[in-house]
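One chain follows as structure tokens, the form predicted alone.
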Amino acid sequence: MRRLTVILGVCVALGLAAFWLLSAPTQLPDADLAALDGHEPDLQNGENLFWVGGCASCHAAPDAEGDARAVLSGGLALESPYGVFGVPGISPDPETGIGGWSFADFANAMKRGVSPDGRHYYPSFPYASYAKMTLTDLADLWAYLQRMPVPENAAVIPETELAFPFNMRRGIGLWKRVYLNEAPVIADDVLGDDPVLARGRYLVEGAGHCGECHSPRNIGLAMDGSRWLAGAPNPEGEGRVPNITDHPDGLADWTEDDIAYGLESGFTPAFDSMGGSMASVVKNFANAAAEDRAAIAAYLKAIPPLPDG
């Protein structure tokens, strides 16, 4: 019995050690970051990515309108079936935002989901999509964020409160090993060599993180690439997020111009208004480059049509 107890103890210790090693946060290679030395930021590109990425929708104060959406003080309580996520500020303020970060800190947060102090971020922060962004684009976005207004007052950030086992932050490292990658969801052979479709894919799958809401989740709660953009239960409450593939359940009756105009205006081809969280998305995309809205529309019409997920 004593020998069996010792063997079991050793097995448990080895299992815990393996878990600790395999779940450890990983960061971007120093060489990848060093390759950006001397990069001259393109602030126009950074601003465009800010709007495509929907930064204001989560990181501005709740219900902020107009110019107040550029004050990234945080304070939103993001509801989910797993609990509540408190959304922090990302203004240039070093105390309440990310003004004390380096670019390496920012890039590791966006592409690896790792905080400056080496903790895993919960994937409610959509780094599973942002991981597909290039470091050059992230450098431009970082430069633009550094020029945003500093909040006059510190926001109250809600506590993140999750049920077990979702509150086990270290386990996210195992989830990342399975699901975090930079490969595109829709392969090159589907889209061909059309640069417009390639741009649309980059924006939808990366900065725009459309799949985070519009795709069903698999057993590991990651976006299901086999049902890409086929609609999903609303992660923030009742109802469903619509299918946006070129299927009769989705956007089959929409033209590319309809989609691009909808992203700019919030109107459907029937002149209904897009509601819910999509209203905030439209406020963002209305500020994005027209050619990028067109590229997104072209991509959505080109990917495989799927019935509701």
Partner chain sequence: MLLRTLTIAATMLATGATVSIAQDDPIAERQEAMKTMGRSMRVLVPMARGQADYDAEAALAAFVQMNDAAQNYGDLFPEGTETGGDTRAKPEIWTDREGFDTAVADFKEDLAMAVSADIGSLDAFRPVFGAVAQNCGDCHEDYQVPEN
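Positions refer to the first chain, counted from 1. Being a predicted model, the structure only gives us computed values, none of them experimental.
This next part talks about the form predicted together with the partner chain, which is not shown.
Check your understanding: His247: heavy atom within 4.5 Å of the partner chain in the predicted bound form?
Key -> His247: no contact with the partner chain in the predicted bound form.
Exercise for review: Spell out, yes or no, whether the shortest heavy atom distance between Asp258 and the partner chain in the predicted bound form is within 4.5 Å.
Suggested key: Flag for Asp258 set to yes.
Review point. Taking the shortest heavy atom distance, is Asn48 within 4.5 Å of the partner chain in the predicted bound form?
Key: Asn48 lies outside the contact set for the partner chain.
Practice item. Check whether Glu40 has any heavy atom within 4.5 Å of a heavy atom of the partner chain in the predicted bound form, and answer yes or no. Key: Looking in the predicted bound form, residue contacts with the partner chain do not include Glu40, since no heavy atom lies within 4.5 Å.
Point to revise | Heavy atom within 4.5 Å of the partner chain in the predicted bound form - residue from Asn218, Gln146, Asn234, Asn167 | key: The residue from Asn218, Gln146, Asn234, Asn167 that makes the contact is Asn234.
Check your understanding: Within 4.5 Å of the partner chain in the predicted bound form, do we find a heavy atom from each of Glu238, Pro242 and Gly275?
Key -> Checked in the predicted bound form: all three residues contact the partner chain.
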